[in-house]
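A single chain comes next, written as structure tokens; it is the form predicted on its own.
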Amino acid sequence: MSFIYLDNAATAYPKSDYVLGAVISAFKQCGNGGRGGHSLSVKATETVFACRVALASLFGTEPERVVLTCGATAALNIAIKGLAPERGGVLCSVLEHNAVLRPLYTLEGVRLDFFAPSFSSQKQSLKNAVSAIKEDTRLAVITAASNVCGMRLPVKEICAECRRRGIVTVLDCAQTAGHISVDIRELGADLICLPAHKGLGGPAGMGALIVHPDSRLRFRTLIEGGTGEAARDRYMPPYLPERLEAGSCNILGIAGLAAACEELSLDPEREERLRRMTVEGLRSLDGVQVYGADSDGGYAPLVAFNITSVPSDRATELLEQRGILLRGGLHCAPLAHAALGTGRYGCLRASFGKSNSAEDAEALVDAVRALLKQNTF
């Protein structure tokens, strides 16, 4: 049975043959980078550096300020635990993913200051964020766009206010990287965290921590080990990226991520058209509720909705029977669901990627319409 894939916010599908080819080449040609002077080790070192260059070019920093990780979750943990204050406050929104919330909850002696964004006004969201900043706030960790409803937050303006007050800023760009332009210098953030496998279209199990080129932050380390250099030193090197990269790297994932960056072509207008078509189509149906789709600040290409009185996991099953693959449930963001009013069953999430078309958006709306007409939930 053919299907329409609308779960790109979880992972992009399908991955390109170009990315696959890079992974296969690395499998056959690369040794362990920085662990020898022979040709296979050199090839791996060159592959790693090419990935740093590609990411630095995309996200507005220098190659040495690109820390390669095993995903956005790892990048967020490194940022949060490596920079967490010993006391004072940490600012974050109620839209955060558990990749932000759970590391924050482990911090001892630190107060979490949450702000609730407005689902209609970016200006009000900014006001709410600024109001939540306290005199002793030292760190802000904020999602650039909700993974539940797609709403983007005014992160550039929040970063500017934090910078004025000497607050370190970390942005979770899991749902924006690869969909819209993300430049760390333009945003004014200290750090951005991102995965390879979503909007960028790279392999799973890879991500990056992007550090502002002018940053002088000092990181505590989470993992210690070999770096391929300074082997006599007792401790991890003080400089990036080596300070935060211990052990042998995932050369296959790195090669795939570099290839994904090379072929990436941003088309936010097309993805926004698909999102808007879906919102309008679903809102035209009696018995469907769409969430968080009225902000004036832009969106990641995804739509949150429910079929009235039908648990989202059951609706997901029924839509898959009609060839539509999307996600239901709580999406690892419990506070966001509480804010949206979907805390009991979560919601359905349709998310678009490079391979989706207007026909896919129409097919989703048609499938929901058919379910409502059938009314056999």
Ligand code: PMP
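This is a predicted model, so every value here is computed, not measured. Numbering starts at 1 and follows the sequence shown.
Omitted here: the form predicted together with this ligand. The next part is about that form.
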item: 4.5 Å heavy atom contact, Ala72 to this ligand in the predicted bound form; value: yes
item: Distance check, Gly178 to this ligand in the predicted bound form, heavy atom within 4.5 Å; value: no
item: Pro195: touches this ligand in the predicted bound form, heavy atom cutoff 4.5 angstroms; value: yes
item: Contact of Leu76 with this ligand in the predicted bound form (heavy atom, 4.5 Å); value: yes
item: This ligand: the contacting residue among Cys261, Ala99, Ile251, Leu139 in the predicted bound form [heavy atom, 4.5 Å]; value: Ala99
item: Heavy atom within 4.5 Å of this ligand in the predicted bound form - the one residue of Thr278, Ser125, Asn147, Ser93 that qualifies; value: Asn147
item: Answer range among 195-203, 127-135, 79-87, 253-261 for contact with this ligand, defined in the predicted bound form as heavy atoms within 4.5 Å; value: 195-203
item: Interface residues of 170-186 toward this ligand, as seen in the predicted bound form [heavy atoms, 4.5 Å]; value: Asp172, Ala174, Gln175
